[in-house]
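As a starting point, one isolated chain is supplied in structure tokens, in the form predicted on its own.
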């Protein structure tokens, strides 16, 4: 029996649509695999929209627009070119392959050339074979705990809320001016009004940074409560819309397919030594995907954090193994409410990690460290390795002595990761490492308290108020006289860089940023 293929054609409403309509009028033999979606302009199809069909099981995608210079909106063709180029790179990393996506441009009178292109593309996809991504149904009932809001309230003892308002008075969103209140959310859900638009909006807006939990006299773990409420909403299809069109959640759901073989370790510098097996396994996370997605307009280079972590492991004579088909840890799926696909990813990762026979897993991403080290076990997925953040490894090795540091000679501010500081209680650890980079204590802006959240988590709740938080943070750093902002999470770099790129105030907010791991890699040497 011949396999059925599905190819999505995003067809611009102008020039190429006229050519395509001519083919239909002539009853030309358009391949049956083609499923046409008419669009206003090729430039409107974002990276998220280009990737979404693959998550849903498409074997190939064509974006068809106007030839350069003939776009009715001026920049549509160029935007389509950039989005397609970036998405093709990401398709390579995910293991789908760039040749499953193509951009083509046509004038209205080029119907024959258009048909030849489509026919050729279909033949290419047939030769490549079916997509390894298989959309899956929801998990079976025995794998899912069907919570209602009353059960979630009881599990987190939200009844203990004293209505004191300390959570709201400390909430960074509320302090940025957003009409947002953790106390209001708790009160409304206790009262049985969980499904009102206002409560749903607030639950999806929460940063889950943990500041409210730190201040709560009744120890109500509000972030965990929010996480479970998002799961409750997701099961009822009441979820909000993640930032960036939900691209990263879409990519992670695609990674739950067992046949997909991601290739995240492409183009590592030759000087970095890694292996296939050994007692230490390094887990990179999503930085390579972030750089492609954001690199064109934010110029972020978060993959340097991975490379510098590997250099530091090599510096201490550790040649770590890496998972050649490493998948995302699932953090963003879990915290945006998609527990079903989080569990699928977790189980695939657990199998791969167990097969590596490693004894210790080291990661530079605080979200990966928290997810692998805490959330997996909490959700019944056991890992047979010790989970270590790179900062813990560095402290352990540096304390053995025989190393020294070239002082940076700059006044530094530090941006905490919420997962490392508030969730894992390690706010002091990066500050201890920072002291090695200072030739005297005056070079470090001192603060034992964790810094405010960077304004976003799991790509949810990004709005003008989270932008205001980022601006306030950068203004405070500028006023402190700090010359460089040291970060501990790739997402903090992305979010704060986004604020710095403000077309109106960007020059006032510009601050040099460097990850702590990269700063140490740049400064450390053997005595």
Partner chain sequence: MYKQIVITGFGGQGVVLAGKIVGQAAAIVDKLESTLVQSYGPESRGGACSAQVTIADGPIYFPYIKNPDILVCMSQSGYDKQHHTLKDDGTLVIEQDLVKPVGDRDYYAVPCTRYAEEIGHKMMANIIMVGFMAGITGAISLDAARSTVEKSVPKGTEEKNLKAFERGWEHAQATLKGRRHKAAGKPGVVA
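Numbering follows the first chain given and starts at 1. Keep in mind that this is a model prediction, so the values were computed, not measured.
Not on display, but discussed next: the form predicted in complex with the partner chain.
Visitor: Just to be sure I understand the contacts: of 326, 291, 188, 397, which is the one whose heavy atoms reach within 4.5 angstroms of the partner chain in the predicted complex?
Guide: Exactly one listed residue reaches within 4.5 Å, namely 397.
Visitor: Within 4.5 Å of the partner chain in the predicted complex, counting heavy atoms only, one of 311-319, 414-422, 124-132, 69-77 shows up; tell me which.
Guide: Stretch 311-319 is the one.
Visitor: With the cut-off set at 4.5 Å between non-hydrogen atoms, does residue 402 touch the partner chain in the predicted complex?
Guide: Heavy-atom contact with the partner chain at 4.5 Å: present for residue 402.
Visitor: Answer yes if any heavy atom of residue 521 is within 4.5 Å of a heavy atom of the partner chain in the predicted complex; otherwise answer no.
Guide: Yes, residue 521 lies within 4.5 Å of the partner chain in the predicted complex.
Visitor: Is residue 4 near the partner chain? Define near as a heavy atom within 4.5 Å, in the predicted complex.
Guide: The answer is no: residue 4 has no heavy atom within 4.5 Å of the partner chain.
Visitor: Going by heavy atoms, what in 511-527 lies within 4.5 angstroms of the partner chain in the predicted complex?
Guide: Stretch hits, in order: 521, 524, 525, 526, 527.
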